[in-house]
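Quick setup: one chain, the form predicted alone, written in structure tokens, and binding and motion questions come after.
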Amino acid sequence: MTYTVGHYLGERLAQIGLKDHFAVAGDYNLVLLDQLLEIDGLRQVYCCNELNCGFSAEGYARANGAAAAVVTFSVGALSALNAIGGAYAENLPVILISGAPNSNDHGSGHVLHHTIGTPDYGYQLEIARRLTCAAVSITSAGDAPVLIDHAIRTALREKKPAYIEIACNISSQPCPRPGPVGAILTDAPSDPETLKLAIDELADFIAARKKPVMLVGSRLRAAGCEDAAIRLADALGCVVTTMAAAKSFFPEDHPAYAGTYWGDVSSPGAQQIFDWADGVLCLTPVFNDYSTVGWTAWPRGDNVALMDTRHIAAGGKAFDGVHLRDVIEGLIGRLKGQPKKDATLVEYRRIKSLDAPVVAADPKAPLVRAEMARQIQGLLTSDTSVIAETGDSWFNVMQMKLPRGARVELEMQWGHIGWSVPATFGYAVGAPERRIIAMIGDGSFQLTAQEVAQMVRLKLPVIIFLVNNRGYTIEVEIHDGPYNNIKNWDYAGLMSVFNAEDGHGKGFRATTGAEMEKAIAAAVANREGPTLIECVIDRDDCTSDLISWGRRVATANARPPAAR
């Protein structure tokens, strides 16, 4: 077998730990797909469209650390780039690979199909450069190894997506085999002098505070510092809160955990102890209008120290060129043997109220949101991952108690409704050993519902709780209008459509607590495919947190133009 450019790419993907790659076929990538099929241990997984393909890869990257999606030129890649924008926002190394026009056509003046009708085919690469950390175009086999390695290396280092474009007549051309994977996995170490200064400044910051708290943000996983954050919390002894998008990034059974800090919609007691503190150590936060509840809960000022992936800011000084993992290790060493900074933890234990027991609803009564959430809570185990769609699912999952090891996946920065269906598919492909639960609103589901068919195809035992309240509830609470109403579907009935003659998915419609309980039992028993449980609740039955948060965000959106 002649070793080719396509083989080189496939071997690199396998070397970085990918067992699967997602694909939608098109005439510019067909030969490349053939090459990738010949790589041992690298499965090709098909999607219904390119947007879903990108989001499936994004979900896989959440479970597996990195991912790849293969699409065709222009009509495919421009759709997939929406999802790549999401991967950039959510700090996930997804490699988007696009077939491209024949190398002989570049500069020829030819107008080709699947283009915008001009002889310049560079527009896709230019767009990709704005949405990725590295974007390359391969029009010769000789350039392929260095360009492929550059794109993959940069994506893994930056925890951002990358783009590789390969001319359709190049993927089958001869190419050397790749060398050891270490060549693309190695990273520049922290600068020793800067590292010491950063640790000194943080140690001084902590020493000067009597009541510090830790705030864990959503980039902690990308920084590879989840375990390190636990050890830092142990060394400090203070209260730890998580930002909403970081739920599950710090264990909720840890004695210092005080819940989610999210301004007015924080966990009980979390905002009070946060406001009482005299110093905040912010680990990898993302402060945007959603995470700060319309800019009303944005920790800033001299009493805030920022500890980001490669940037430290404290005491009016800033330090770059250091890895957060090295900073945390050094800081733990400085704290060893010193008295615990536990004032916030002591106070939190005084003000914390006991959780009221959640009482089951009358099983024959119409289903309500609270009963739906209670039953989903009962499914959570240490090997459960919950994928929560944009909307009230965010707030439902925030109120759930997670056993250690359980994971929650949110897309709170990009916030693309419909993300969760293909992301759930990709996550389930990447983590077959886990129980995958998705909480999806009906409006979001309608955007990307096709990918449930691929769950059927691969016999993935995903459990989908589809909340049917006949509209975009999150938009209703931000700004209502007739555009928030949607056409109702027979969601449970869709499973027979997706099953066709060979599928084993199941669909149920739950209008009472008893019906939901019965559907869950059937879902847990079904290991041959997905189960969709359509939970029918009232249109205005949502969490009070969504209402409060929506009002704050709407106020921020409605600010009048600043005077000039």
Ligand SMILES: Cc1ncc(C[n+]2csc(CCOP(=O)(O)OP(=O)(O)O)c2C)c(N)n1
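Predicted, not measured: the structure shown is a model, and the values here were computed from it. The first residue of the shown sequence is 1; numbering continues from there.
Although not depicted, the form predicted together with this ligand is the subject of the following passage.
Note on contacts: among G443, G76, G99, P285, the single residue with a heavy atom within 4.5 Å of this ligand in the predicted bound form is G443.
This chain is drawn without this ligand; in the predicted bound form, the residue among T390, T344, S171, T242 with a heavy atom within 4.5 Å of it is T390. In the predicted bound form, at least one heavy atom of L447 sits within 4.5 Å of a heavy atom of this ligand. Although the partner is absent from this view, D289 stays clear of this ligand in the predicted bound form, with no non-hydrogen atom inside 4.5 angstroms. At a distance threshold of 4.5 angstroms between non-hydrogen atoms, G294 is out of contact with this ligand in the predicted bound form. Taking non-hydrogen atoms only, I417 approaches this ligand to within 4.5 angstroms in the predicted bound form.
Heavy atoms within 4.5 Å of this ligand in the predicted bound form map, among the stretches 195-203, 100-108, 376-384, 434-442, onto 434-442 alone. Shown here without its partner, the chain carries N469, Y472 and E475, all of which come within 4.5 Å of this ligand in the predicted bound form through at least one heavy atom.
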